[in-house]
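Here's a solo chain for you in structure tokens, the form predicted alone.
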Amino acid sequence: MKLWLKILCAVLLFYALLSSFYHPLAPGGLTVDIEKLVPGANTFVYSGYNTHFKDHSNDGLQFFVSSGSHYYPTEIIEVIDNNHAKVNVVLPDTLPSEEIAFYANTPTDGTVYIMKPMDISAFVFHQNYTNGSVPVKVANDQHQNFGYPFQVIIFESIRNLMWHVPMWFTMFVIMFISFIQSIHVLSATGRENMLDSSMIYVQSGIHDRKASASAETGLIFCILGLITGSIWARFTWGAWWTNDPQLNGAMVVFLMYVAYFILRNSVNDEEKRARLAAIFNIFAFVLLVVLLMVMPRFAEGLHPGKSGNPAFSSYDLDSSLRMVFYPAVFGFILLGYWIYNLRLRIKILESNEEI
């Protein structure tokens, strides 16, 4: 691996590491301490996350309660701190929609909102009734500065996006190298009538070592992906492991490649071992694609991109965050390729052959 690629790998990973821990979460709405809304006065405490209520208590701080697309202004009773404010809203007897949301708006944070299940049985709902609502919407659409997207439940654990997902990207790339080298093994052994058998043996052996070295490296990143995923699941889904099709598929992939190395160690004849391992490796990679990329798309699951959940959209990966995510992916792929080259060199030195 060329020196400039090693330097680029180190720079990208350092950038990803620094960005993962340095940048804060974008502002968001956490909760309101009210379970039921009634006609007339409703007082509650609005709780935000990384918001700036206190900083803007005299400069553009606004709160609204919405019913559908109609907004009802509130009276700010007390700004407790940057993340908490006590407000009061007066609602009419009739609302235009049963969709209730609580908005906060500051010049720094833009608009944050909370949608929470609420007892609204005391109201009458009429689609065209707008009495008491303000004719304009809140001023800002979103936080303008860089920050990790705010998502309820995930919160700070979204930083793991820079580690967990690139592990799997790297595993795919390195396992693809192993897949291609296994095809070369079978291609070389299939030309026995055209080339000298000793030359075929050397070519097959080189490709076999490349397939083995890349599979070993890919398995390392598979294990790291499982570990980081399990930790993330514990903090977001409440369990170290759930019955998710992508999680189960990842474990099957791990076991398949463990079986690949068991197969390699159970055959003493090098030429036979190379052929059998190549056949197994090709089928393992095809199943890897099916289990991790195809089947989860057609099954209910918790992972983004499954069962209609968005994946890499503005909901969970905004444009500013992509400036960190994609360099992290590329940096980890370079790291995987670097480790693969080191492992291959060891195998070549052990066999006294040249690439």
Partner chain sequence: MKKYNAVFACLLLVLFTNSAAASSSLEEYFYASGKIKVVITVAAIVLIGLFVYLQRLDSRLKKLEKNKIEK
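Numbering follows the first chain given and starts at 1. Being a predicted model, the structure only gives us computed values, none of them experimental. Note that the rigid core is defined as the largest set of C-alphas that superpose within 1.5 Å between two forms.
The next section is about a form of this same protein that is not shown, the form predicted together with the partner chain.
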Hey, of 69-77, 231-239, 82-90, 107-115, which bit sits against the partner chain in the predicted complex at 4.5 Å between non-hydrogen atoms? 231-239
Is there any non-hydrogen atom of residue 49 lying within 4.5 Å of the partner chain in the predicted complex? yes
Given that the partner chain is not shown alongside this chain, does residue 124 nevertheless sit within 4.5 Å of it in the predicted complex, heavy atom to heavy atom? no
According to a 4.5 angstroms non-hydrogen atom cut-off, is residue 333 in contact with the partner chain in the predicted complex? no
Given that the partner chain is not shown alongside this chain, does residue 163 nevertheless sit within 4.5 Å of it in the predicted complex, heavy atom to heavy atom? yes
May I ask you to choose, among 206, 173, 224, 250, the residue with a heavy atom within 4.5 Å of the partner chain in the predicted complex? 224
Non-hydrogen atom within 4.5 Å of the partner chain in the predicted complex for each of 16, 101 and 323: no
Which residues, if any, of 267-292 lie within 4.5 Å of the partner chain in the predicted complex when only heavy atoms count? none
Flag for residue 117, CA shift 2 Å or larger between this form and the one not shown after aligning core: no
